[in-house]
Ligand SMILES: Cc1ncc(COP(=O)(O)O)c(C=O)c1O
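Okay, so here's just one chain, in structure tokens, the form predicted alone.
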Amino acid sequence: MANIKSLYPEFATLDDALALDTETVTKYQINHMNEFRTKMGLGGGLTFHIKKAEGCYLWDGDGNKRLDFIGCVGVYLLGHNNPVIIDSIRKYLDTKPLTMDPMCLKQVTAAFAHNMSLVTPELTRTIINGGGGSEANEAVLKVCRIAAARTKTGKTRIISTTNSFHGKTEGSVFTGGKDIWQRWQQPMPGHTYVPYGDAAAAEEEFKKGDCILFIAEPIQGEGGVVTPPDNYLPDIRKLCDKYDVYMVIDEVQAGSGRTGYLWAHQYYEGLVPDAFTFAKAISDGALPVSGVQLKNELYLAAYGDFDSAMMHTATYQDNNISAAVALASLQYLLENDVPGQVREKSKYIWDGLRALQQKYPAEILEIRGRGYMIGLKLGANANGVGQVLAQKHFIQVMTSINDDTILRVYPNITTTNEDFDWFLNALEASIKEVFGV
């Protein structure tokens, strides 16, 4: 066997990669990956070489301990490198498993699907992907389109909301209601957008009789952590029933415990969508995991016979290792009552933020969200506050890319009140510096 260094002297082995210094990582990333995203992060003082992550902390290449209050925009709810999740992956790999095969029985994925049917008894079919939220949303759009083509003659349109975000693949980009992500692409027909929070506007579209599905986030994440009126989604459910429209909830960012409920739509008592998508926190960042949970009748309308059963398959779909991560995360969420922890522990930071807002009403214009999904409307200088937090106080947060008036704050369950104080004190100092208070 040849030594790789004899073939390519500059080849970076895994050991080499783990030992790379900041300068070399930066060079490789700029030369061979997304150059301008890297330069954007570096130029804004928000990109660092992270050497270690544990709980709610990060350690950068200079040895600084950082507080992670964004968690890859909602991924790390259970804490970085949660030992239960990591041990579950090791346990799975130690069995020398067959992770994916198009026709084999998939014991771990089947078990996860069974478990999901226990916690969402009205939705008993599961699709597991080895990718992100975009892939989950693509999957649910396809399910609904095929189901409608086979059972709802004449229905062709997807209704989604303005200011929404459902991913950056082709279908999910045009389902999202943001022009910025649709630039330089040919418009995709069959998409109509209605204002978020306006059920009457949705009904006007439903009345036309050609709507397949309505899709919305329970809280708009990338759009600025926008929470709808309490009657909005329950009213949409009634309208979907009235006009025979599938109701789909995008739980990618708000779901999996982050807002204080196992699934964010459960904030509304008795609300049951026809399908919901999930990703991010169900993986806790260990491996890519996303999926769709569907009512049996919807799934069978699309894929319920031998003729259509192969219409949505993929190499990594329903694979066992992604399911192992999701299963372990779901078990941890339930055994440790993570939603209950979020509801209780989030009171401290919400109280602290409200106190700051009383002191700085002209700077903190609004506090949005629910649980550990928080948006601070700071006005035009939100990016500046985020930069000061990162550079001077070693705290990672993020603005919305297309709304830099909003500072997104996403703690995880390992965060203590001392960590919240670290953030609250740093936030006040940063506001004073940036706004010249």
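Position 1 is the first residue in the sequence shown; the rest follow in order. Predicted, not measured: the structure shown is a model, and the values here were computed from it.
Just so you know, the form predicted in complex with the named molecule exists too; it's not on screen, but the next bit is about it.
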| request: Would you mind picking out the stretch of 342 to 350, 311 to 319, 250 to 258, 85 to 93 that comes within 4.5 angstroms of the named molecule in the predicted complex, counting non-hydrogen atoms? | output: 250 to 258
| Partner-contacting position among Glu138, Glu222, Asp274, Glu363 - heavy atom within 4.5 Å of the named molecule in the predicted complex | Glu222
| query | Among Tyr76, Phe112, Phe214, Phe165, which has at least one heavy atom within 4.5 Å of the named molecule in the predicted complex? | reply | Phe165
| said: Is Gly176 near the named molecule? Define near as a heavy atom within 4.5 Å, in the predicted complex. | reply: no
| query | Hey, in the predicted complex, does Gly132 get a heavy atom within 4.5 angstroms of the named molecule? | reply | yes
